[in-house]
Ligand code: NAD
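What follows is one chain in structure tokens, specifically the form predicted on its own.
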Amino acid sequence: MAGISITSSDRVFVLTGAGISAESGLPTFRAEDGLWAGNRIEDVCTPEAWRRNPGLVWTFYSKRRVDGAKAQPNPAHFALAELEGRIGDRYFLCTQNVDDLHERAGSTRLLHMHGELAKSRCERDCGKPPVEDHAFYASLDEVGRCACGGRMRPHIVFFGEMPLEMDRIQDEIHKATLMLVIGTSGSVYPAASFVHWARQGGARTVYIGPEHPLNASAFTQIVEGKAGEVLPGLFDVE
């Protein structure tokens, strides 16, 4: 397989999705059946679900925390961290995933556009930043409250909410000369639009994943295969 050439003038934007975490054993959300790890999305991952039954939402995300802590980074996570180490601040990673597998593999220049599993924040959006929180809550009574009185909620972007730091993401896409899209098949917006924005700016766009992407026409190169098998040794860095 031909390597992906990265020159000394390239700026690389990486977008990762559920597929890269699935290779570490974490379940993916599939819109076709409306289930995520055996739960209806509308029961555990919407603002309405939170207002209706915050205890159920916390039970769901507490279980996700347990699963996430057990999972280990796979070769794809390490390959991306190695790439970051080689090109420094010309690298930027945006992940749709809420786990910390990229960080545990060594990535530092990254943004979680859909939030982070191991953090909590005030349900009132009172302005206080999210806090580290690895707790497993057996009941809603165990969940703390913000200084403002609001209940703490998972630092997760629920369906119907705006992804985080979109201005920064758009700025990084605008600067990129190469976009790598890994483990995301182009079904979740606005992330599925990123490759189109990159192409409009003249960037090369490469898809890496086991499935043919829904937005295949936007890519200049498609590499089909599991990221953990494909990424190690794929980058030809000047």
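One-based numbering along the sequence shown. As the structure is a prediction and not an experimental result, all values here were calculated from the model.
Below: the form predicted together with nicotinamide-adenine-dinucleotide, not depicted.
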Which of these stretches, 165-173, 47-55, 179-187, 195-203, has heavy atoms within 4.5 Å of nicotinamide-adenine-dinucleotide in the predicted complex? 179-187
Interface membership of residue 97, nicotinamide-adenine-dinucleotide in the predicted complex, 4.5 Å heavy atom rule: yes
nicotinamide-adenine-dinucleotide contact in the predicted complex: residue 18, any heavy atom under 4.5 Å: yes
May I ask you to check whether residue 12 falls inside a 4.5 Å heavy atom distance of nicotinamide-adenine-dinucleotide in the predicted complex? no
Applying a 4.5 Å heavy atom distance criterion, does residue 59 contact nicotinamide-adenine-dinucleotide in the predicted complex? no
Contact check in the predicted complex: 23, 27 and 211 versus nicotinamide-adenine-dinucleotide, with a cutoff of 4.5 Å between any heavy atoms. Do all three pass? yes
